[in-house]
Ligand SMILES: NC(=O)c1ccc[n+]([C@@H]2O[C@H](COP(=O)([O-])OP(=O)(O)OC[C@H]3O[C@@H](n4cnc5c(N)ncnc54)[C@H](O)[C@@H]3O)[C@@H](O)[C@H]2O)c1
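Here's a solo chain for you in structure tokens, the form predicted alone.
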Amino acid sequence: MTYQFAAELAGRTIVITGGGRSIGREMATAAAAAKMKVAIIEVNKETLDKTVAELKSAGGDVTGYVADLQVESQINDAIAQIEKDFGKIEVFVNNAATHDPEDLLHTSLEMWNRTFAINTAAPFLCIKAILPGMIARKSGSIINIGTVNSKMMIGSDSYSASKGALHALTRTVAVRYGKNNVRCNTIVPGTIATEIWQERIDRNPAVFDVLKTWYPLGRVGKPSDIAAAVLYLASDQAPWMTGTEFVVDGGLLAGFNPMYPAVEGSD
């Protein structure tokens, strides 16, 4: 995808959790190409080092920080170091997540708590750590990565519930700290084709062909679809957007694409 960057993004500091792979890696790649100063927080050092090295070799201003988002002290230490290294955090993307596909009856309390720790508690802790700096500067854009699963029942029960809570957290931050010119929005992706789907593809190689029939635009999403939305919300092109659910889902939530022909008798 060819991105069209807002000029003011150049030199702006962005932090991306889970930026070492998948959608987060595409966010980091796009931000680096926009000449932003990119900080990646990632739990896997090998993955982090590889991504940072590749982006630096392409000319990106990218620095990696290893942290387990289940550990509050590691979150705080990483953010404190980023603020020391870069001087300030202007954009923060809560992207890191874990996904458990099990239904409620097969979800252990351990898995439920782990899912909420990474998908909900970690963003809360990250936001809590970065807010004082943003409030002091009266400027900041916080972007939480949610999911269409929080808007309709499509399985992955603990994941869906944890992301629903994250959507609520977005509204809380937006309303409480709007007076400080801190914006907080949720991006709501539909199905995005990444390596995370590999296990399902191994079971059913045609899974994306099946899923795309549900999308009015006739395809599942690409990481670049979400990265483009992140850059938009990070820019000054969205100065009056806060507390919103910015849906990037190929039309999925607009209606059930396979259903209406059957209802109308035109299938």
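Note that residue numbering follows the sequence shown and begins at 1. Just so it is clear, the structure is predicted and the values come from calculations on it, not from any experiment.
Quick note: we don't show the form predicted together with the named molecule, though the next part is all about it.
A.B. asks: Could you tell me which one of 197, 177, 116, 86 places a heavy atom within 4.5 Å of the named molecule in the predicted bound form?
C.D. replies: Among 197, 177, 116, 86, a heavy atom within 4.5 Å of the named molecule in the predicted bound form occurs only for 197.
A.B. asks: Among 125, 79, 192, 91, which has any heavy atom within 4.5 Å of the named molecule in the predicted bound form?
C.D. replies: Result of the distance check: 192.
A.B. asks: Select, from the options 254-262, 18-26, 239-247, 5-13, the stretch whose residues sit within 4.5 angstroms of the named molecule in the predicted bound form by heavy atom distance.
C.D. replies: After filtering at 4.5 Å, what remains is 18-26.
A.B. asks: Would you check, heavy atoms only and a 4.5 Å threshold, whether residue 235 touches the named molecule in the predicted bound form?
C.D. replies: The answer is no: residue 235 has no heavy atom within 4.5 Å of the named molecule.
A.B. asks: Wondering, does residue 44 line up within 4.5 Å of the named molecule in the predicted bound form on heavy atoms?
C.D. replies: Looking in the predicted bound form, residue contacts with the named molecule include residue 44, since a heavy atom lies within 4.5 Å.
A.B. asks: Give a yes or no for residue 158: in the predicted bound form, does one of its heavy atoms lie within 4.5 Å of a heavy atom belonging to the named molecule?
C.D. replies: Result no; residue 158 lies far from the named molecule in the predicted bound form.
A.B. asks: If you check in the predicted bound form, is residue 163 within 4.5 Å of the named molecule, heavy atoms only?
C.D. replies: Taking the distances in the predicted bound form, the answer for residue 163 is yes, it comes within 4.5 Å of the named molecule.
A.B. asks: Using a 4.5 Å cut-off on any heavy atom, which residues of 42-77 would contact the named molecule in the predicted bound form?
C.D. replies: Residues within 4.5 Å: 42, 43, 44, 67, 68, 69, 70.
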